[in-house]
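A single chain, nothing else alongside it, follows as structure tokens in the form predicted on its own.
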């Protein structure tokens, strides 16, 4: 996603990943395709490979990334079940995709995809709507990386992971973090030490608590929103946010 530590790649990623959790015309294209399995750490494709296929994530998690000229890894997004990856406006992939956990995917040829999009009045609006959403996500990431401090970045990341679950609650919500702290650091443009320090700081404030090796529980949702610097974005989503945050401080 779409979000990068050097965000001059944002527009490329915005055209590369289509998100969605509900069954759709787009996802229905993959239903007849066989399921392929990737072990944790196994690559799905590499940056520069011929872009011959698109993939739907059926189960598990992927990281997408680029390697910049000095050898550093820039993670541009994390994908989960329901996401579609591999759409490219060029003849090659603009990034690499690698399994974080044991993952299952379905593969569809680019030729078949383009034919379906061209012939389906129902499919075209869905594809463009999802690309539009990705452009909005790209703009949000530019703000995060260019204007936000370390604490705001980590809080924004946690909120984004929380809101990817359509059934999430705001009170004692569980956020799953299958990726490593190094992954998060490479995604947010921070060091692993800074990410760990920010997570400890949030825990000390009582905003979150550990809920397992790869999970945290959000205890004070309102304060997390305020610390993210995204009050306006979540204002309509959480009415009475300021009053809620005030109660949490008591």
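Numbering follows the first chain given and starts at 1. Owing to the predicted nature of the structure, the values given are computational and were not obtained by experimental measurement.
Below, we turn to the form predicted in complex with the DNA, even though it does not appear here.
**Q** In the predicted bound form, is there a heavy atom of the DNA that lies within 4.5 Å of any heavy atom of residue 208, even though the partner is absent here?
**A** Residue 208: no contact with the DNA in the predicted bound form.
**Q** So, in the predicted bound form, is residue 197 in contact with the DNA at a 4.5 angstroms heavy atom limit?
**A** Residue 197: contacts the DNA in the predicted bound form.
**Q** Do residue 180 and the DNA share at least one heavy atom pair within 4.5 Å in the predicted bound form?
**A** Answer yes; at least one heavy atom of residue 180 falls within 4.5 Å of the DNA in the predicted bound form.
**Q** Does the 4.5 Å heavy atom contact test between residue 191 and the DNA in the predicted bound form come out positive?
**A** Within the cut-off, so yes.
**Q** Choose from 27-35, 218-226, 197-205, 44-52 the stretch whose residues reach within 4.5 Å of the DNA in the predicted bound form, heavy atoms counted.
**A** Selected range: 197-205.
**Q** So the DNA isn't shown here. In the predicted bound form, which residue out of 135, 174, 150, 112 has a non-hydrogen atom within 4.5 Å of it?
**A** Looking at 135, 174, 150, 112 one by one, just 150 meets the 4.5 Å heavy-atom criterion.
**Q** Hey, which residues along 201-221 are within 4.5 angstroms of the DNA in the predicted bound form, non-hydrogen atoms only?
**A** 213, 214 sit within 4.5 Å of the partner.
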